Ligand SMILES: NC(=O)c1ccc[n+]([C@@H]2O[C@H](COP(=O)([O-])OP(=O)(O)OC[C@H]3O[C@@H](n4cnc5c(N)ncnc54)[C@H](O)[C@@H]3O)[C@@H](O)[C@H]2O)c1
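Given as structure tokens, the chain that follows is alone and in the form predicted on its own.
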């Protein structure tokens, strides 16, 4: 028996590296996956990859900041799959322009919060009643190790939004536990995607970050996908309200 056999899952931001890896992993573990993304082409690319490995997937296009679009997307998934058992709130942004609060652009802060925090809230608001109606299930939210510690090169809006996701996760878990819905978050460290690589403008900058990682490598999208799959599965049936840090030990390494 696979970890997510017969589960009906929504993965948001599923056209990006972590969302795509998670969609593929969820499908390999037996889930039917609704691939939600702002970009239609990216969503369909992920669907094609899922179907190419023998899985079942549905492309859904929505801006997680827009409640009307989110509501319509969730309703489309329910019509197609008959219900929802798992929601992975993976959609998020980490702009390179994010800097110290001392130099912050308020509109950028609002954009980051709208996607990372308010998008998580809106998708949960509309998907959770269907998870409850299905008899319970799991919500997995995306936080960050930057919500756990400070950084000499600050990304304050991103860190603040992900800290808020962590707080929201705890509150959701307490509210929804009696209804059979578990809510947890994962907090990745530096997962080496093309976007993250751009934060390291030269080999020395990259090596400085790598030197902080006790396990000696950057994360991979598959690492995050594996943890999200575990938290969504019955193997995590007595875990709720937690934020699990996935960072190769970097947050434990005091230099």
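Just so you know, these numbers come straight off a predicted model, no measurement behind them. Residue numbers count along the first chain shown, from 1.
What comes next is about the form predicted in complex with the ligand, which does not appear here.
Colleague: Pick from 64, 50, 227, 59: which residue has any heavy atom within 4.5 angstroms of the ligand in the model of the complex?
Modeller: Here the answer is residue option 64.
Colleague: Applying a 4.5 Å heavy atom distance criterion, does residue 93 contact the ligand in the model of the complex?
Modeller: Yes, contact at 4.5 Å.
Colleague: Taking the shortest heavy atom distance, is residue 142 within 4.5 Å of the ligand in the model of the complex?
Modeller: Yes - in the model of the complex, heavy atoms of residue 142 and the ligand come within 4.5 Å of each other.
Colleague: Can any non-hydrogen atom of residue 17 be found within 4.5 angstroms of the ligand in the model of the complex?
Modeller: Flag for residue 17 set to yes.
Colleague: Quick one: does residue 181 come within 4.5 Å of the ligand in the model of the complex, counting heavy atoms only?
Modeller: Output for residue 181 is no: heavy atoms all beyond 4.5 Å of the ligand.
Colleague: Since the chain is shown here on its own, which stretch among 183 to 191, 204 to 212, 51 to 59, 27 to 35 would lie within 4.5 Å of the ligand in the model of the complex, judged by heavy atoms?
Modeller: Within 4.5 Å of the partner lies stretch 183 to 191.
Colleague: Would you check whether the ligand, in the model of the complex, lies within 4.5 angstroms of a non-hydrogen atom from each of 158, 162 and 196?
Modeller: The answer is yes; 158, 162 and 196 each reach the ligand.
Colleague: If you look in the model of the complex, which residues in 98 to 122 sit within 4.5 Å of the ligand (heavy atoms)?
Modeller: Residue within 4.5 Å: 115 only.
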